[in-house]
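What follows is one chain in structure tokens, specifically the form predicted alone.
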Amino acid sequence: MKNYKTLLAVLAAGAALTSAQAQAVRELTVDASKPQKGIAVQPTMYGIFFEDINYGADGGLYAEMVKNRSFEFPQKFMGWDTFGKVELRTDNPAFDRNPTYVRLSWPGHRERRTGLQNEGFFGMAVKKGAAYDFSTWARVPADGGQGEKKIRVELVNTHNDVIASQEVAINGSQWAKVTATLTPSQDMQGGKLRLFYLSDGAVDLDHISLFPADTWKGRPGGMRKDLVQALSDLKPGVFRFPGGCIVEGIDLASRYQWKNSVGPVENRPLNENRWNYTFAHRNSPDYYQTYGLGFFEYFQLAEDIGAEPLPILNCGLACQYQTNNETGWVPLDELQPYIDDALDLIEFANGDASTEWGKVRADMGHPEPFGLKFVGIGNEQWGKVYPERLELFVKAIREAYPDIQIVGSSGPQASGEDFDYLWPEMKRLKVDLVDEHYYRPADWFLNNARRYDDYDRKGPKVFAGEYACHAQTPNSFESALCEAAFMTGLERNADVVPMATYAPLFAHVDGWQWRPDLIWFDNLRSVRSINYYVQQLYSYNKGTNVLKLTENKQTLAGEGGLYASAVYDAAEEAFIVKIANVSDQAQPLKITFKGQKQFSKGTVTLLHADDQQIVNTLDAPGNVLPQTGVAYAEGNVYETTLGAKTFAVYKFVK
């Protein structure tokens, strides 16, 4: 964030000061007399939710550049062009759960060529001088001839110019991994990976892969560095994965099965992505899950960024929008394998290396447990079929792992018949948290800042697991400001809402299906939306205890266009006030910190835009950024004028 020496430099709309002079001063009081006695704010309060939608995993966070690398898509050559003598084989494969491979043979004439060309995800993009790791599993078949065989691996740009090339030798009749490093001579967008067979006889190839060498933490075959950095920079408290509807699948066969996503990456079976045909306006028939980004990688990522992992598991129901009948329901007396999957997952995460699934984790390179505390069962299910299945999971998990907190669901809507039915059921089953979702227009977010003021303090807690403001323009400043206003109500009710995650997280600019999204990217660049900065401001300033903030002894949740909350941070001994001004007028403020005497110099961070429909883009990522300046209090009183259409975070240290 940018730093400025004076508050004047960061006032969002200086012209508004004049009109504000005629307005009455809004006098706000923060009860700061016993700050550590306030409601505890949980470390999980603000987090992230990941789902492989909008090419968020393959083609996004997972840095693999080759589409259909194991030739297991239903159309086996989807993503590939072939030339010369190329055939698909499944006999004596390298990997039993990915049995298809290709055989490249001499085309019969010295002037002819045999080879493959991969289009990547919306083309391939590389940076000049950067290293890219090529690998494939290869062998010389019994009838492939004697001696060493060679392939040439190239990167070619849109003009068909070769910008990187390496020869790779293949020896032996047993499958073995061969590698090369490609270093492009120029930047490239929209290029391809090309393989030529250079020898007589034949070779077999499988799992053809290309990764940037510069991945997150330098892990080979790892995650895209800039995208993970954006997640880390949020300082999330909780990380929900692998998604919502992805978990359900369009049918039970396509549900997410976590056991398929662990072990050697080459032998993780392909799964259909349930978003490939869901959106008629953005069909993606080549959208599949390789599981290269699997549950081990999700747990490892949560650990990397300091977030509590929250895996979501199928409850025995496919997506009820697509299969709302018994073809998508596992009978209750056949549910045990699904329950076993949940119990085995907890063992995978927390068991020591002597346990069956703890050993799988240890063999993958993480002998220490991940320390799983939460597990979600089901996503957006509804009706009687959900709680009657959830009940069996709850009983089994409570018996085997009584310390694990269980997350249930209130269904796909934030109100209505299904919501009203499920909440009492969640109380009956005594789940620890109930997952509420709301994708709603701007007015809903403004009108629901008091949503949790009267929630039952004795029942299950709320996990605001998916939410985003769907305003006139996706990811506009308007949407971010409305979310900031709404989140004051989450913070004020931290005893009811101990965790919240915006959704969805990622979107490829050439492959999006759903908007808005927190982070947008192409094959080389990424941009953090204005909504991202709202989430970051809350996360960086979540504090440890809620403070009571009032105007005329009443909480402030939209009166006169202001929404406000306050917290205390015990580690920094800081008092933090968040105020969203959604009105068209600047608002003179007088904030009194009752119970305190003197503050040192503080800070004010503002988020503002004159154009309510403006967005941050790949070409203009800094259209709207938080700006931080100095705030001066007189004793325990701070006076300022908050500009129209502005979100502010004020912070004072004892």
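These figures come from a predicted structure and were not determined experimentally. Residue indices: 1-based, along the sequence shown.
Below, we turn to the form predicted in complex with a small molecule, even though it does not appear here.
For the three marked residues, Leu155, Arg224 and Asn523, no heavy atom of any sits within 4.5 Å of the small molecule in the predicted bound form. Put simply, Phe593 is far from the small molecule in the predicted bound form: not one heavy atom of it is within 4.5 Å. In the predicted bound form, the small molecule lies farther than 4.5 Å from every heavy atom of Trp329. The closest heavy atom approach of Glu51 to the small molecule in the predicted bound form falls within 4.5 Å. Contact check for Tyr386: no non-hydrogen atom falls within 4.5 Å of the small molecule in the predicted bound form. Distance criterion of 4.5 Å from any heavy atom to the small molecule in the predicted bound form singles out Trp275 from the list Phe295, Tyr568, Trp275, Phe211. The contact with the small molecule in the predicted bound form, taken as any heavy atom within 4.5 Å, belongs to Glu380 out of Asp206, Glu491, Glu483, Glu380. Residues within 4.5 angstroms of the small molecule in the predicted bound form, judged by any non-hydrogen atom, belong to 242-250 and to none of the other stretches in 242-250, 543-551, 83-91, 449-457.
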